[in-house]
Ligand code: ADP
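As structure tokens, one chain now follows by itself in the form predicted alone.
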Amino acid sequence: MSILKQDVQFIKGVGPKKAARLNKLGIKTVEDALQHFPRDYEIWRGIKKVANAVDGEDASFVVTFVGNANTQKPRKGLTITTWRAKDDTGYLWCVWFNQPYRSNMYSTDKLYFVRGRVEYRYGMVQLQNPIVEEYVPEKHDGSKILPIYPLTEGITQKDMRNLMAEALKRVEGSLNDEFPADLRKRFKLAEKNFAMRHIHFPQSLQALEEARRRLVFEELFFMKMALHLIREKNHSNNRGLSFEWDHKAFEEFVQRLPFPLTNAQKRVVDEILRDLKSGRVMNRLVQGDVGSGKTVVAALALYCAVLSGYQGAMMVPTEILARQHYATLKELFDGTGVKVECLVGGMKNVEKESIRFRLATGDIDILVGTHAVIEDGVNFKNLGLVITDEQHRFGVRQRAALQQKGQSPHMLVMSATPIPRTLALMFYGDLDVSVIDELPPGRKPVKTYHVPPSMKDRVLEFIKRQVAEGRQAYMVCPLVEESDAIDSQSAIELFETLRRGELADLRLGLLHGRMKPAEKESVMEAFAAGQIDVLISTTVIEVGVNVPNATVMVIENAERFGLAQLHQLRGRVGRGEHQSYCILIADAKTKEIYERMKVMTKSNDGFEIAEKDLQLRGPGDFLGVKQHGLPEFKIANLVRDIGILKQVDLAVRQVLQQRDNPAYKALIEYTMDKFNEQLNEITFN
């Protein structure tokens, strides 16, 4: 067994009990420990004189203790030990809580290095619970960079630093560097052993920067290379269906659409049509902002499939959205002879059986549904095109399960969660990317306002005025029911309060995720039919609800939502001819909340908002890495490291172009081995 694979419990100072706690952090082996990178660093900068101490800063001093320590016990369970110390510019007090043993640890005839947070108390410099070590000039120059790690209960920073020091001792100089010397030289990359040592215990800020750059480059390189190999695997032997259709019938269908296609829609449709007749399996991601017309693009692709003699399937995350897409497609295909059906979990068994039978015999051309379409027993006669909408809601396996319902059908995935293009190309390396970056003409931007909770009464008055003009409104809450743990308005609580209070004269509806599918359906149908004036809801209406008469979106506790989600919710209004409004009720307690609200009030552009969301929140699971089947990053940050990502692109291309080079060939094989599981999972053939 290699050193890297050794169990962490056998590292000096760990043992079974600590190992169990470390396991909670994902640290099971020596390798896991080394890859548990610091989240930050504490930087000690030089030794200060007492006279130059600054209130509130962490600082180091070289002092001698004066006189005797004084220990007091002001109350049960608390001791306070104080000891005066000095340098040649002044005095400071060292103060320790519940550490009475300090009173006889130090002598008055030695120099000591002390470090702590400076506080000015009663005109004196004070350090609370300072670090104290006997002064050794070569050791205590005051400059040090200490790692700060993510922790779990029962594990301290000291434990973690000791663990890393021991782990590094075990592997010292023996880590294999996968990157050949010429690649390191070209991209100015530190050697692997240097990088690992200095990411944990950097000797200087420059060493830290070099170590971090190397490890970020490595992480992004292997991810990018793996995605390229996935794509290569999909495209090799990737014989797909070559669609051939009646172009005249297709053009007539386009002409009959209720509105002309935008230039962006035309461009994306052309890219899809090229894929459909290319003879290789299409794997394309279509990104389009809320309201950009992705459904029409999907309808045109489905019509091509039907004209070419194949069936199409569209999978969406919710029953509400499935029924809505079904209604839209049925209307678009009216008069064409195309048979569209809907399959969702809430249907009666007899209905499901009928649809399954008709699907298997080819009597249904297009099936729209939820996860129900990938269940056993749902069989297509001749599936040629698979579409998933709101693709970030589906994992790789679900997409693959749907594709396995046919013989190498084409795949189109759609998302209204805009991901900045560079990151889309990075993360969806197994997919071609199309972007609908234009809204249909005549769409009025939604006017967005941020108001404090104190203005709630004025917001309710505004809703009443809009309803009096014949419009409808949404009010969205982050919770279903009231919670002691979270101070947020709940949908049920708000519904009951308004029904008896300020909106008693209006017709109110309630919608949340715990309702039965039939109940949700009934409420949404009533709202769409204009029988409900104000719909009070949780985020179940985030995706795909289309009620053109709704002109007001009020979001309670807006600070509890991410920007992408706020933008999705805002997209539920602004779908008709009337001016629409989005009102964010948020207590901007912090600068970050204020900045997020400001972004929403200033921009209606989903791509711009996505960029800001990344900057404010960091990537996290914003990109759906978990959904994609790929591991999360341990050290890279796509916002901060976009420059390194561009260098990685060049490096990956160089390696692939020179794959006959033995060192590069080994690097490719190492990547295939490292990502073997993902390479097998993330395929669409």
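Each residue number is its position in the shown sequence, starting from 1. Since we're looking at a predicted model, the values are computed, not measured.
Keep in mind the form predicted in complex with this ligand is missing from the figure; the text below concerns it.
Distance criterion of 4.5 Å from any heavy atom to this ligand in the predicted complex singles out 440 from the list 90, 362, 440, 530. This chain appears without its partner; in the predicted complex, the one residue of 294, 567, 214, 410 with a heavy atom within 4.5 Å of this ligand is 294. You can rule out all but one of 173-181, 462-470, 598-606, 252-260: in the predicted complex, only 252-260 has residues with a heavy atom within 4.5 Å of this ligand. When this ligand is considered in the predicted complex, residue 575 lines it closely, a heavy atom lying within 4.5 Å. The closest non-hydrogen atom of residue 556 lies beyond 4.5 Å of this ligand in the predicted complex.
Interface membership of residue 290, defined by any non-hydrogen atom within 4.5 Å of this ligand in the predicted complex, is confirmed. Within this chain, residue 126 is remote from the site of this ligand in the predicted complex, having no heavy atom within 4.5 Å.
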